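In structure tokens, the next block holds one chain alone, the form predicted alone.
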């Protein structure tokens, strides 16, 4: 199979799957080594960007997905009318931030940091497919562990969690102390 055919296979697989496809699956489809396939996909991605195509290839950790370039959004809206857009409230963003930075994390851990019940926020983030259950903790009661999803990476435009901005431990403690003070003030009122 020549390079042009390999690219055609990759394009067809990414288009047909709609979702992200692991590098290993693409390599398996082509009968090639992972690094060879990664190189082909990266070259395709660069060329499509240079050509200004309406579609692009997004990379998420060790997976790739065909998607529409962000600049095409206004044209999509004209055709599809207004797509459903979710707004994350402050409490959802706060909960999502805690899960993203502390994962895997239990609901109780999230509530300790926030100082309030987080059942609704966690459930809503699961509905929006930004958070998922990762399993259970090996502890009494076997509480559920939560972490972010590939949709989280896609929504925030990052390839992996390593690209998230770093907070130093002092900031975490400062935020935690502020939350505890706010909780104590609301209890005194």
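Positions refer to the first chain, counted from 1. The structure presented is a predicted model; accordingly, all values stated were derived computationally and were not measured.
One more form of this protein should be noted, the form predicted in complex with a further copy of the same chain, which is absent from this view; the next part is about it.
Trainee: May I ask you to state whether residue 50 is within 4.5 Å of a further copy of the same chain in the model of the complex, using heavy atom distances?
Mentor: Because a heavy atom of residue 50 falls inside 4.5 Å of a further copy of the same chain in the model of the complex, the answer is yes.
Trainee: Although a further copy of the same chain is absent from this view, report whether residue 126 comes within 4.5 Å of it in the model of the complex, heavy atoms only.
Mentor: Flag for residue 126 set to yes.
Trainee: Does at least one non-hydrogen atom of residue 40 fall within 4.5 angstroms of a further copy of the same chain in the model of the complex?
Mentor: Result no; residue 40 lies far from a further copy of the same chain in the model of the complex.
Trainee: Can residue 34 be called a contact residue for a further copy of the same chain in the model of the complex at 4.5 Å between heavy atoms?
Mentor: Judged by the heavy-atom cut-off of 4.5 Å, residue 34 is well away from a further copy of the same chain in the model of the complex.
Trainee: Counting only heavy atoms, which residues in 1 to 22 are within 4.5 Å of a further copy of the same chain in the model of the complex?
Mentor: The stretch touches the partner through 1, 4, 8, 9, 11, 12, 13, 15, 16, 17.
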